[in-house]
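Below, in structure tokens: the form predicted alone, a single chain.
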């Protein structure tokens, strides 16, 4: 089926998920919505998060998407059940990869860097209780990180200072795994490694989401088996400069446009 896979996030962070999906499913067409105007979702009330998610879903369905990836931890943990009940289309969500960290930790100490909206959600609490009951979890809200990334300040002194403030206490607690609970955060991995060193394993959910997307597409016979030239359309409701910078290595491969939504 040539219809596109729809992907949305509270900004540009979900492009890290898009990269994994595009690598695993190179024949698929995609449409990506960066709701940067309302970023970060993690600091919004749950009612607003649900409202944004419904709006994004309706737009992707209007554009003919065959399935939708909610490439945002906060959106998934707060709204995906509502989306699945409201819309007759497959959804793939993203949530912090606590399970593999808890299973593989040898120090029994795991850190999680996530937004307030993810850490305070019932889905996160349920997952932690089910899979991480036997390890010490150090939770840290990444306040300000998404805003800096969305402002094009990925490699700023402000970013460096925030990361040190958030991660150094985790080192003091002897973590050997750090779970990234926001799709923006994979773009911070090089800086995080400089702080934590290479004895701490960093886990994000990108590849797992891509594999689940493939599995759902296969299950519902939605894979694109034609060998036509594929299309990747990215829409942002703020300045296109930041998303163009984050996708600069793909500029001959993708179309990036401003869209009011």
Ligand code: DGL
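Here the structure is a predicted model, which means the values were calculated and not measured. Residue numbers count along the first chain shown, from 1.
Although it is not shown, the form predicted together with D-glutamic acid (DGL) is what the next lines describe.
**Student:** Is residue 170 close enough to D-glutamic acid (DGL) in the model of the complex to count, meaning some heavy atom within 4.5 Å?
**Tutor:** It does not: once D-glutamic acid (DGL) is placed as it appears in the model of the complex, residue 170 has no heavy atom within 4.5 Å of it.
**Student:** Any of the heavy atoms of residue 146 lying within 4.5 Å of D-glutamic acid (DGL) in the model of the complex?
**Tutor:** Judged by the heavy-atom cut-off of 4.5 Å, residue 146 is in contact with D-glutamic acid (DGL) in the model of the complex.
**Student:** Just to confirm, residue 182 within 4.5 Å of D-glutamic acid (DGL) in the model of the complex by heavy atoms?
**Tutor:** Yes.
**Student:** Check residue 40 for me: does it contact D-glutamic acid (DGL) in the model of the complex (non-hydrogen atoms, 4.5 angstroms)?
**Tutor:** Answer yes; at least one heavy atom of residue 40 falls within 4.5 Å of D-glutamic acid (DGL) in the model of the complex.
**Student:** For the interface check, one of 58 to 66, 41 to 49, 220 to 228, 205 to 213 should have non-hydrogen atoms within 4.5 Å of D-glutamic acid (DGL) in the model of the complex; which one?
**Tutor:** Of the options given, it is 41 to 49.
**Student:** What residues in 72 to 101 sit within 4.5 Å of D-glutamic acid (DGL) in the model of the complex, counting heavy atoms only?
**Tutor:** Contacting residues: 72, 73, 74.
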